[in-house]
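Okay, here we've got a single chain as structure tokens, the form predicted alone, with questions on binding and movement later.
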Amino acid sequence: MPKAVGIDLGTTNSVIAVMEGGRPEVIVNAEGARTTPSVVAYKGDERLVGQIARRQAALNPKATLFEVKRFIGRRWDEVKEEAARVPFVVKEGPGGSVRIEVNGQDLAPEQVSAEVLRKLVQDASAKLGEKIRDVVITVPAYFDNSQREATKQAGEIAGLNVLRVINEPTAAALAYGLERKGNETVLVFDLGGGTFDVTILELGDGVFEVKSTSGDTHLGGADFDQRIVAWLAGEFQKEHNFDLRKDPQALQRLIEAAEKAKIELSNASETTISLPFITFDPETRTPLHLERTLTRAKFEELTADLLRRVRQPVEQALADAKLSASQIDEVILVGGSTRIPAVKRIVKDLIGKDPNESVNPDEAVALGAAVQAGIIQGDSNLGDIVLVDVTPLTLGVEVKGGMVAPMIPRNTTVPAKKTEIYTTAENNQPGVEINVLQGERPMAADNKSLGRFKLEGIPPMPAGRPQIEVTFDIDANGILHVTAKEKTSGKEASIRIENTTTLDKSDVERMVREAEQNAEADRKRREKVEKRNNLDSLRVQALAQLDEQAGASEEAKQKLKAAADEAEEAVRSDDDSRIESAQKRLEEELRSFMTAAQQGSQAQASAAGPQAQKQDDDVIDADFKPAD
């Protein structure tokens, strides 16, 4: 049975892990790294993913996509601010969804995320020696229904069977508590590249029970980077009266420099940001350079409001779990941004103890996802582990007056199912529209609408007579399913989801087909490149043999040199048939040359044999002449 893997699909970096001998292990990618940048670049017909995409970002800013997790499953009006901060084009799509424009084509965030998932799984399959299809994917605990569904769809577009969508802090707790036997109350503080989660769990006797979760899906390391970007751009504008953020290439370089500076300030008190030739003076066309020193104190001043924002979710999670800070046994830090010294200080101040740093903040989530994959597959090494998770936000419906009627409160254990009876507000009302909402505000307009469900075909009846049974059913992935029927008449009516940000089934199927077609095109492209590279390598080898093999005849040398020259021209032409023909000819001429060289060497050795022997004899006679 092929193994299932766990994937941490991150905003900045992604990680894949698998259970090996009862322990979760990170699988290195094709480049030998344990993390893969969540970056996808579109360059002509090619799609580059990971570090290779990240390296060319400054020269291809409008077609190099990063931090796409911030857009997945979101509505356009929720991400306008984030969209304005990136060098590529993010715009409104159908039904208020989000689309990313690349080379004249509109891409859904799910499609881009699917490229990252495909890269992770292809590399892991090559390492494990078996094709991987079954995966567990993690999401921030505070992701809403649309974001979870969109993440699952990204997996489907990548051709994967998504066994489960699991919350990132819960996964980290699985990795932390796998070998611990005692009872503990743990707070997982997860500050990643794009989102922030706080989850409180009780661990003991193989049971991982989530007590509460809170967070902020608009707060992450990228926001800290943007404060440095804004500061650098502002300083440069004061000096040169030019806003670097309007130049996509310059903006990309600023973003990369800001991230690097943030990382360096985790271990140093100051860092120098140097960006030579960042732009040109618009009047004189002379090159302009940017160089600034950023201290840790200045960085904390620039991000003071962001640092304050991490406090409220911690306090909310404690209140929802009905616990005090002193009742927390361990604080686990997850996500690269928890390395920021000021963040660690705030955690210690809030909980009153130093964070536990025994888990790798970059890898813990993927390791926990691998554990969950092992549980689902029935890994005998794991024993009886039970994971009890919760829904992060309250789910309800809009009722008369624009109010919200809660159906499933936040921090309800999942899976969960709840049924309520509603009725009509007008006489002979033929149908009702049920607006499904997610959020904590009392008014419908202040919460997120997950979809509007129409129940039609209600028989004519006085107001208040119809019995409309609405059922909310949250599965183990935290994804909501809604059904409705009219009870009085016994007639069931269909529900139609309208205006959601996630893709409909036909879109997903189309993108799966496109992904498969692209995969085949990528395979052919790789084969073509490999043929070209193989021919070029053989040409270099042939030229080396020309220098090394002195025994070959001039005729053999000329034939091999002609075949090598033809190979060089074939490589430049990029013509498949010409490459194949040149490869065949060069292989034949190289074999003939090596045979001729070997025969020539043997002939030379044979001709030189007697003379060599006589010289040897002379030497022996001279060295061992009998005494007189």
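Start at 1 and count along the sequence shown; that's the residue number. Just so we're clear, the structure is a prediction, and the values are computed from it rather than from any experiment.
Unshown form predicted in complex with a small molecule; subsequent notes refer to it.
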Answer option from 158, 222, 135, 395, heavy atom within 4.5 Å of the small molecule in the model of the complex: 222
Contact residue in the model of the complex, from 451, 336, 355, 177 (heavy atom within 4.5 Å of the small molecule): 336
Heavy atom distance at most 4.5 Å to the small molecule in the model of the complex, all of 148, 438 and 478: no
Proximity to the small molecule in the model of the complex (heavy atom, within 4.5 Å), stretch among 111 to 119, 318 to 326, 529 to 537, 259 to 267: 259 to 267
The small molecule contact at residue 362 in the model of the complex, heavy atom, 4.5 Å: yes
Proximity of residue 10 to the small molecule in the model of the complex, heavy atoms at 4.5 Å: yes
4.5 Å heavy atom contact, residue 254 and the small molecule in the model of the complex: no
Contact label in the model of the complex: residue 215 to the small molecule, heavy atom within 4.5 Å: no
